[in-house]
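In structure tokens, the next block holds one chain alone, the form predicted alone.
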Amino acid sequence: MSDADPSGESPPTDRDYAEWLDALADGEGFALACPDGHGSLPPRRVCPECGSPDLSREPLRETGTVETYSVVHVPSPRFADDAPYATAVVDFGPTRLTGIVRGDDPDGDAAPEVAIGDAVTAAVGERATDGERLVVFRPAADRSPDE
């Protein structure tokens, strides 16, 4: 059995996600959107909602809205040096991002305060435990979520 893609395109890889993180770090974050307006993140070849292969890059909103969050005090080994921390799911329009919420004090030992409905910005940071890149949310002071 062959793993070859009959369309001739290469399968999505972690490289696609790394390129997306690079774009987010450069302030050029984007979502993949299908003609029906469903959003997703790379790596994708088809829309996970409707199966459309017609995906285009749409810029992410500058700010998003915290939909839910959880404060972790007992982390997995990969996040051992990051605890306590808050992980959140944030609505950025056509898609949602999952990441770590960090406050304005990068050396602070306490988990940042976060609430559902807070406006945040997305960037790329590093996990304290091993330096792995991850999505980081920071409070968007004095700004409401983009509409």
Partner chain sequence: MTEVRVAGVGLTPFGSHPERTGRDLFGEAALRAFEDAAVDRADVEELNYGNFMGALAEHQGHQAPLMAEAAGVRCPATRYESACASAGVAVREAVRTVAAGDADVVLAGGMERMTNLPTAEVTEGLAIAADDLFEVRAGVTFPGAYALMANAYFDAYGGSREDLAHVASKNHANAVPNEYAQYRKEVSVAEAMDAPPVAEPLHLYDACPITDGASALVLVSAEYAERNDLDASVAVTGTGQGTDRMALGDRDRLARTPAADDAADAAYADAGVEASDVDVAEVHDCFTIAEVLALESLGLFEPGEGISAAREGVTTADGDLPVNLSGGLKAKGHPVGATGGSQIAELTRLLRGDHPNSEHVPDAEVGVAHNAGGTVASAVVHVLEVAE
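Numbering follows the first chain given and starts at 1. Fair warning: this is a prediction, and the values are worked out from it, not measured in the lab.
A second form of this protein, the form predicted in complex with the partner chain, is not displayed here; the remarks below concern that form.
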| query | finding |
| --- | --- |
| Contact label in the model of the complex: F92 to the partner chain, heavy atom within 4.5 Å | no |
| Any non-hydrogen atom of E67 within 4.5 angstroms of the partner chain in the model of the complex | yes |
| S52: touches the partner chain in the model of the complex, heavy atom cutoff 4.5 angstroms | no |
| G103, heavy atom within 4.5 angstroms of the partner chain in the model of the complex | no |
| The partner chain in the model of the complex - contacting residues of 68 to 88, heavy atom within 4.5 Å | T68, Y69, S70, V71, V72, H73, V74, P75, S76, P77, R78, F79, Y85, T87, A88 |
